[in-house]
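Below: one protein chain in two forms, given as structure tokens, structure 1 then structure 2.
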Structure 1
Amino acid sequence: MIGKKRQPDYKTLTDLELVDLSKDPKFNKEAFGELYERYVTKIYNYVYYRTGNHHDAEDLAARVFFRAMGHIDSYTDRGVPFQAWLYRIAHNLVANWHRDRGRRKIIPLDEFVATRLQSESPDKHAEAKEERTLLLEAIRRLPEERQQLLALKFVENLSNAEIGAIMDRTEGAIKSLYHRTLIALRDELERGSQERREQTRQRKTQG
């Protein structure tokens, strides 16, 4: 019997069930709304750490959801969970953003550092802020896939298997990439540290 469809309890549904309902004209808005609630903060964080500022993070996060809503009919779970599909959209938009604007060296994230360190003394606060700035600068000099891996691992707390689904690699390949990323980051920090020592030495010589 085809009667009036009952509104499901969206919060209890899986992503895949919500995706199916999003394709149904009767339910699509509410179902997509639940998916939006589940992922808006995650996607925002991912984009924020890849762009380094709130303005572009808002703009790109919005584009991710507009694109996802526009293409939801074409999504089918062929081993790629909805979350991974959404992150892939975000990754492509961020990659285009970097390519179009050539803006890789924005130094971000001051306000959350301030929030997190408000209980520390001013000296410690400044030191920790400097340490974070140097680290994030070094990360921005890494290849894109390594930046992506670090953001997914440390901001989103995703497992290697989940990251593998997003980056279309095996869990083993992600482990290996993570190892190489840490080595590259360690070297990058060391190189930055050497450059700063050299600059200080030159300034002293000139002075």
Structure 2
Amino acid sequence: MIGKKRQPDYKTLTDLELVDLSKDPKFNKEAFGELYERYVTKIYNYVYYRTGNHHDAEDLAARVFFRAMGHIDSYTDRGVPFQAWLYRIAHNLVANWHRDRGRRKIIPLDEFVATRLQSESPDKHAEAKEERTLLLEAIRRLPEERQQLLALKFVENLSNAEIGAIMDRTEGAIKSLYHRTLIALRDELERGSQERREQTRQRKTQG
């Protein structure tokens, strides 16, 4: 029919093309639905590793896309990937979630780390468990900004450029922050190991 807009193949379109269609009443639901499908898992994982439980992660992830849909008309392309815009919305909602509840800003990386620490024997299992515990404790002592960086780097597997877009920093600044974070994490791990060794020594002395 002449004058009728042809239904596009949404899966072949770029994010920006989908954003434009999301602003069009004729295509907005389907186009935004494709954006949702592309990023819902990433956003959920990010929120989960910042909150620590599935119920709140599901609620906040849904709110991220609800807010994005409500503000899609105001989105403009300034060279920043669309997913960075979603992550910023997620970051703000998570920050509000923590502030409203007065909770510590931690990354519950237990499941993430556990999948990367294999064990073949009871001794190795105990050793891996202790290493995982030390790592988690060290991460949780880091500032919130560095916890966010680790989540984006190791949970979401994003590049420094992508992380920079999300955290509103240059790629060079992210590289520098990442380097300082690794040094701080190493120091925290060493401090935790020393404390564990001292506790073990004291128990043996008392025993």
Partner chain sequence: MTISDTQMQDLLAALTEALRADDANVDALITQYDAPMREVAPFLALISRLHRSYVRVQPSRRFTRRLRAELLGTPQTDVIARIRYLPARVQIAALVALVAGITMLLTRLRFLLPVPRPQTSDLGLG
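Quick note, the numbers are simply positions in structure 1, starting from 1. On a predicted model such as this, the values are computed, not experimentally measured, just so you know. Take the two forms, find the largest set of C-alpha atoms that superpose within 1.5 Å, and that set is the rigid core.
> Out of structure 1 and structure 2, where do we see the form predicted together with its partner chain?
Structure 1, not 2.
> So that I can tell if T14 moves, could you say whether its C-alpha shifts by at least 2 Å between structures 1 and 2 after the core superposition?
No, shifts by less than 2 Å.
> With both forms fitted on the core, check whether the Cα of D24 differs by 2 Å or more between structures 1 and 2.
No: D24 shifts by under 2 Å between structures 1 and 2.
> Please give the CA displacement of S193 between structures 1 and 2, in Å, after core superposition.
With the cores aligned, its C-alpha sits 2.6 Å away.
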